[in-house]
Structure formats: structure tokens, C-alpha cells
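Coming up is one lone chain in C-alpha cells, specifically the form predicted on its own.
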Amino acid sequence: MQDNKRLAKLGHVYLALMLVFLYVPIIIMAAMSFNDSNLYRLPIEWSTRWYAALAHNDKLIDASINSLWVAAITTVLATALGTAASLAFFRYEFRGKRLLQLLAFPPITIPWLIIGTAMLTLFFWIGMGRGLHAMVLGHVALAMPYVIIVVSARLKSFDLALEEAARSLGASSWQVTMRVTLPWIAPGVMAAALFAFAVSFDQFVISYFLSAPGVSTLPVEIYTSIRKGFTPEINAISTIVIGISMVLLLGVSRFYRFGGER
């Protein structure tokens, strides 16, 4: 009994240390975005100076808009394609199924530097070049495996007898998918969409390789700004992104229990 209590205390301490490790840097960054000093001088002199400067930083604003557009399009495409692939793998047995399942996941394991180089070579070879359209295709390729994994995990708890019952009552395949299957896997699809959005919005390597001159995403622009000289405006935009992300996550979790019930 004593050993169990000690293990439980060690677990609580470990969890607390992990939370500190994860969130203290974010809290410090957010606090520094309100510091009037551009050299992080302490104590903090509270000011919204850097948020006002951010409002006039066209490069960061344009890059943020590009990131949102690319992430939104990537989310829609990757979620739709990944969900369709998951349903096909779940419902049907066909020749080459195992091979296709294996080929769907290498983008997770292959270093993104190699994938970025390969995509850049391919897109120039076929005459597509670089730009937002190339970034969307690259992000979709990276996000789809995550969608397939999450949606497939949700489908593991789905009873095929429900689809069979719907078909026996005269429902078409489309009606079965839209009225029986998708409502059941909706929490998994939503979680997969959040994964796809996060993967795309946060993607630096692929965006760096495929961005055209003068057109970049927020991670690429932040990297470029840091090379030229760090400015607390980056803290400001990062704090805004984190705040929006937390609100979005809390809003989605308000309607979906990702463990199962809605």
C-alpha cells in the first residue's frame, strides 16, 4: 500500500514537472510580449507597444493570412481524403490493401527535409514551381497520414452491423455513410481535422522549400525575422496564435468528447 502511494506521488510530481516544462516557456513568452523593453529588461514594464507595432508589420500579417489560408485548405482536403481512405480500408478487402496502408504512413517517418527536397524537385520537373498551391499539396501529403490514423482508430469501435441494418431498411451507400457512419466517427474526424490544421499551420520545412519569393507563411517569416534580429513583435503574434488555438480547442471539445460520445 505504501509503495502504491509513493508511486502515485511520483506520478503527480512527474506530471507537474512536465506541465511546468511545457507551459512556463509559453507563459514567459506571452509576458514578454507585453514588456515595453525590446531587450527583455526586468522588471516588466507592461505595455501593448509590440501589439501596436504588429498591426503595422505587413510582412507578419500577410504571412499569417497565408498560413491560415494554406492550413484551412489543407484541413479540408486532407480530412476529406484521409477519411475516405480510412473508410475504404475499414470496409473493403482488396488486393494490395496492406501495401497501400503501409505506403500511406512514410511521410510521418521520413525526415521532412528529404520530403521537401523531393517535392521541390518534382514540382519543378513537372513545371508547377513554387508558391501557395505547391505548399498546399505538400501539406496535404504530410497531414493525410495523421487523419488516416485518427479516423481509423475511431472506426475500430464502429459496428458494421449498423451499416448492414441501414442497408436492409433500404438506405443507399451514400445515405449509410452520411446518416450512420459519419455521425458515429464525427469526433474522430474533428480531431483529425485539428491535427491536419496544426500540422499545416506549424509546418516550416516544406513551406520553406516550396514558398515563392515574396510569398511566405508565418513559420518561414518568423525564421527570417529571427535571422535578421529578434523583435518582440514575434512574441505578440505567437501569443495571439496560442490564444486563438486554445479557444478553438476548447470550443471544439465543448461539443465533442474525443474519447467517444458527443
Partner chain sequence: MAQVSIRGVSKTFGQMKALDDVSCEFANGKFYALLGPSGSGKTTLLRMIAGFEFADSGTILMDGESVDNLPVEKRDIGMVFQNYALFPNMNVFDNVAFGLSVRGTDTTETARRVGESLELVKLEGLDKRRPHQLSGGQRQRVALARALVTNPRVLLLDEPLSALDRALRVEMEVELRRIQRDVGITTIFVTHDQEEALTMSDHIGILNAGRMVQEGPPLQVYEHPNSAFSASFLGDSNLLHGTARDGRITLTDGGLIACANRIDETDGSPATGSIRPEKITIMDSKDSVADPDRNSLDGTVVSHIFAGSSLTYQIRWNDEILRVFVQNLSGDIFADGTPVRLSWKPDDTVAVTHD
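Numbering follows the first chain given and starts at 1. Just so you know, these numbers come straight off a predicted model, no measurement behind them.
The form predicted in complex with the partner chain exists for this protein as well; it is not shown, and the discussion that follows is about that form.
- Taking non-hydrogen atoms only, residue 109 never approaches the partner chain to within 4.5 angstroms in the predicted bound form.
- Using a 4.5 angstroms limit between non-hydrogen atoms, residue 89 is distant from the partner chain in the predicted bound form.
- The closest heavy atom approach of residue 179 to the partner chain in the predicted bound form falls within 4.5 Å.
- Contact check for residue 162: a heavy atom falls within 4.5 Å of the partner chain in the predicted bound form.
- The candidate stretches are 179-187, 92-100, 121-129, 72-80, and the one lying within 4.5 Å of the partner chain in the predicted bound form by heavy atoms is 179-187.
- This chain is drawn without the partner chain; in the predicted bound form, the residue among 113, 84, 169, 153 with a heavy atom within 4.5 Å of it is 169.
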